[in-house]
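Heads up, the chain below is alone and in the form predicted on its own; it's given as structure tokens.
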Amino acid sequence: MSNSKQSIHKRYRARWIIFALLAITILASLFIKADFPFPAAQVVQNVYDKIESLPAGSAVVIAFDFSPGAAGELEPMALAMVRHCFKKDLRVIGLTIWDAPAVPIMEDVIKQAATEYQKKDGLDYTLLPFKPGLIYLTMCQDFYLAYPKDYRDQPTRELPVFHGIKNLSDVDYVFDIASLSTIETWIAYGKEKADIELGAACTAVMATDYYPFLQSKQLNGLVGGLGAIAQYETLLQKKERAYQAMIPQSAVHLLIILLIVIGNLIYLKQRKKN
């Protein structure tokens, strides 16, 4: 066998060894219980601290502005945020402005958390129907004009969950969970118009776009991607979907680092030999 053929054969064999190691690592991480540390970044900590600082009975708007295609990454954050609010006895107002298919996700998430914490619809939380467009401007003027009825067709003025709320300025915190460009719209038509405190969560590929808004204090915090959501779950001491999904990823990242180190050691050894 010629040297070129031997070289091709070695590369082919090495490739399959790497694939096998990746498969073994992923399977092992799924079955072996490992406690990976996920220390929270400051931007994630800021969101958590804001919820912790709110007194019981405060009103929080959670915007479910993500498509079903992004639910695998962002739904765990939605559940963690609603759980945190209910744990602190905060009132939750759920809505979605840019994605009608997010309404069933919003309903499932809020009702799951409400069952866990024994919260009542209309008293501790409410879900608002899908309203497209610049409904922000109407909310800044009159919440009841923007949403005269909730998803159950009940008049919002009569719901205890809206007690003390006339417009968006009366809300204590707004948190947008986005897979679209809704965070900028909340900043332009919510933060700037109503002077609200605004936080956000988004997919990992979007996160870097919003750091300028963190520096300008237009966002008080940002949970960007599954890794950051795992950090939030760790802070909340509810290590569930995001945390569990990050364990195989972390294990594979460690394997890749190890393979890079081994590859460089082999290269240096061959170079020294030559």
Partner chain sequence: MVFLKKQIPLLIALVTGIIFIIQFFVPHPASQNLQAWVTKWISIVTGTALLLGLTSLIYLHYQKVKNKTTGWGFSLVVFLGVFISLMAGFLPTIINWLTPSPVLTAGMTKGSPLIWIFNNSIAPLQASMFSLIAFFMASASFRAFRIKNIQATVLLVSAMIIMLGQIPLGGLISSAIPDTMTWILTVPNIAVRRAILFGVTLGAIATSLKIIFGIEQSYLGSK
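Just so we're clear, the structure is a prediction, and the values are computed from it rather than from any experiment. Positions refer to the first chain, counted from 1.
Unshown form predicted in complex with the partner chain; subsequent notes refer to it.
In the predicted bound form, no residue of the candidate spot (45, 123 and 244) has a heavy atom lying within 4.5 Å of the partner chain. Look at 170 to 178, 184 to 192, 156 to 164, 88 to 96: in the predicted bound form, residues with non-hydrogen atoms within 4.5 angstroms of the partner chain sit in 184 to 192.
Interface membership of residue 114, defined by any non-hydrogen atom within 4.5 Å of the partner chain in the predicted bound form, is ruled out. Not displayed here, the partner chain is approached by residue 249 to within 4.5 Å at the level of heavy atoms in the predicted bound form. Interface residue remark: residue 197 is not counted as part of the site for the partner chain in the predicted bound form, having no heavy atom within 4.5 Å. Within 4.5 Å of some heavy atom of the partner chain in the predicted bound form lies at least one heavy atom of residue 215.
In the predicted bound form, the residues of 249 to 274 lying within 4.5 Å of the partner chain by at least one heavy atom are, in order, 249, 250, 253, 254, 256, 257, 259, 260, 261, 262, 263, 264, 266, 267, 268, 271.
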